[in-house]
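We begin with a single chain expressed as structure tokens, specifically the form predicted alone.
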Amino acid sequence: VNGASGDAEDAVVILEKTPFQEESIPDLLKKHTKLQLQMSNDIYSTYHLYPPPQLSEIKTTVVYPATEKHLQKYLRQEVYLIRETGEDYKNITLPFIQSQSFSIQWVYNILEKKAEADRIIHENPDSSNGFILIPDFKWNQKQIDDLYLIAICHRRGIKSLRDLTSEHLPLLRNILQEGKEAILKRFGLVGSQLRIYLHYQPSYFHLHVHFTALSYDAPGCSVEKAHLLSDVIDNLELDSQYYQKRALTFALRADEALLKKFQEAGK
């Protein structure tokens, strides 16, 4: 991509087919849809279906200009599981995180309402225990089957699960309770129909919580990535230092510098 200066710069372009909406299914089967037979055998047949343009929406996300870290994030890679102890976090992971300069200005823009203010579903404005609830870009908001929202805490300096102690329980309880109430009021899903969790490691180091429809197999909801918020709260009630002490498992791609750090440490 050529930037304003005329210099070529890298970009990431993500193309995703949006989910079909139930009310549009009949239109897919009408005469203006092109069907191309691929195979027929007794009662079974398969076709290539070419819907009209208004039913062929593709959600397109652009990251521009993209850094090398952005590019590596979206390349298909071999992945490896890391079992990170509390000491590993202090000695390997935390110094690595602190050495990086991956900007989260876009998060601060949301919190300061410099961007996406019209997309906010709910806000608790308290500077210590408050948060903003906003739809994730993965969700087009046209159906609740793949509902996906993010709660971003106002308080800065909480990088991830590893930083949480019992001091943060009021914040976490607010996110759990008020998030469920806001989603019920706005979208009609009760708390037992939601998967509410944190990622470790997160994709960006400012504390945030994922809310997805339980029926949706959301990216990053697998056992090596997701930690249910209700479990996190229970664990911190049992032991304030729980997430400073325990080992956590996560996946790293083959080209990630952090994986090399663990390998160099003999992990």
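Note that residue numbering follows the sequence shown and begins at 1. The term rigid core refers to the maximal set of C-alpha atoms that superpose within 1.5 Å between the two forms. Predicted, not measured: the structure shown is a model, and the values here were computed from it.
What follows is about the form predicted in complex with a further copy of the same chain, which we do not show.
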- Among E112, K114 and Q241, does every residue place a heavy atom within 4.5 Å of a further copy of the same chain in the predicted complex? no
- Item | V79 within 4.5 Å of a further copy of the same chain in the predicted complex, heavy atoms | yes
- Query: Looking in the predicted complex, any heavy atom of S203 within 4.5 Å of a further copy of the same chain?
  - Reply: no
- Query: Do L171 and a further copy of the same chain share at least one heavy atom pair within 4.5 Å in the predicted complex?
  - Reply: no
- Query: Is I25 one of the residues lying within 4.5 Å of a further copy of the same chain in the predicted complex, judged by heavy atom distances?
  - Reply: yes
- Residues from 222-255 in contact with a further copy of the same chain (non-hydrogen atom within 4.5 Å) in the predicted complex: S222, V223, E224, A226, H227, L228, S230, D231, D234, N235, L238, Y242, R246, A247, T249, A251
- Item | A254 C-alpha shift between this form and the one not shown of 2 Å or more, rigid core reference | no
- Message: K138: after superposing the rigid core, is there a C-alpha shift of 2 Å or more between this form and the one not shown?
- Response: no
- Message: With a threshold of 2 Å on the C-alpha, tell me if K17 counts as moved between this form and the one not shown once the core is superposed.
- Response: yes
